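A lone chain, given as structure tokens: the form predicted on its own.
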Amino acid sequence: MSLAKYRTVLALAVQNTLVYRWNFLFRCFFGLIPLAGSLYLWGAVFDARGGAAANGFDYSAMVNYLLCILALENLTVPAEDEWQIAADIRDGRISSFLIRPIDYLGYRFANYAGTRVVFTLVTMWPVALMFWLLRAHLAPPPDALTWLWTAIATVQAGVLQFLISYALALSAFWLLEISTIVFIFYSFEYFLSGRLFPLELMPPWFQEIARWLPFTYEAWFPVAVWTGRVQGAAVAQGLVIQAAWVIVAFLGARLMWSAGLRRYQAVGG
């Protein structure tokens, strides 16, 4: 029965999100503009280098990497969850969850999962179009085992991103407005997760530090597994580190929730 509650929440999230499917579609189309800019920029960089590779990346490898990042973001990135959670706390709506037999973290995760399902189904078409137009640069893994490791890494990346977003939103228990903190945090995340460019282009000391941070496992790691840049024992090690960060994020979110409730004043609602 407890799982049935969250399945119902997931189904309702899917239904509610379907109302905004055109919004998601337009967002995805406009999201392709930065990708086009990145492809143009990297094309100019490699032309200036005479086509020479940079740290193992030629132009085709870079296009393949950026397309994989695009697909991963559509599968895993939370859609405004932190703003909704912060609004629930600030406006007092969270009080209704405190008197009901439902876990707020489970409720938000079911909402996240439902939104991701709809977002992926709606945006897969323009993403698929980009993959088809640039298919000459794609290099899918040759073996089924890599597909499996990538799937596991992608699921863990989605859970990790949700938990970090959830924990970040809980800072609304202490702060009236969290937009500045969210902006600063996501600026670091965007850079350190490898969304802007592959982490292999950074100095070795930077890569060594980054591989112990959670951001690396939100985007770069699943794509690196897919593209074969992480293989063998390094895949298993990366999955373990990624799973460890999921556990840390989960425990951190629970601790922040418990501490936040002690400060919660139930204003509004």
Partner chain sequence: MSALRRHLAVYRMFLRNSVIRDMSFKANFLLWFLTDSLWFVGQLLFVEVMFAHTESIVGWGKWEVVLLIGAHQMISQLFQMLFYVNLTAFPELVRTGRLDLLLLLPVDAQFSVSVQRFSLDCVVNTLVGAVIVAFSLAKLGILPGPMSWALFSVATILGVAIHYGVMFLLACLCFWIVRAQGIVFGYYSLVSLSRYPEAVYRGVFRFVFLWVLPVILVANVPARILAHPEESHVAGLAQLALAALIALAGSRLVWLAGLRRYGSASS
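Note that the structure is a prediction, hence the values are computed from the model and not measured. Positions refer to the first chain, counted from 1.
Keep in mind the form predicted in complex with the partner chain is missing from the figure; the text below concerns it.
Is there a heavy atom of Glu208 lying 4.5 Å or less from a heavy atom of the partner chain in the predicted bound form? Outside the cut-off, so no.
Report yes if any heavy atom of Phe188 sits within 4.5 Å of a heavy atom of the partner chain in the predicted bound form; otherwise report no. Output for Phe188 is yes: heavy atoms within 4.5 Å of the partner chain.
4.5 angstroms heavy atom contact with the partner chain in the predicted bound form for Ala54: Because a heavy atom of Ala54 falls inside 4.5 Å of the partner chain in the predicted bound form, the answer is yes.
Quick check on Ala234: any heavy atom within 4.5 Å of the partner chain in the predicted bound form? Contact with the partner chain, no.
Go through 159 to 167, 143 to 151, 194 to 202, 89 to 97 and give me the stretch that gets within 4.5 Å of the partner chain in the predicted bound form, heavy atoms only. Careful reading of the contacts points to 194 to 202.
Of the residues Trp132, Phe183, Trp174, Trp125, which one places a heavy atom within 4.5 Å of the partner chain in the predicted bound form? Of the listed residues, the single hit is Phe183.
Three-residue site Ala36, Val45 and Ser179 fully in contact with the partner chain in the predicted bound form at 4.5 Å by heavy atom: Every residue of the candidate spot has a heavy atom within 4.5 Å of the partner chain in the predicted bound form.
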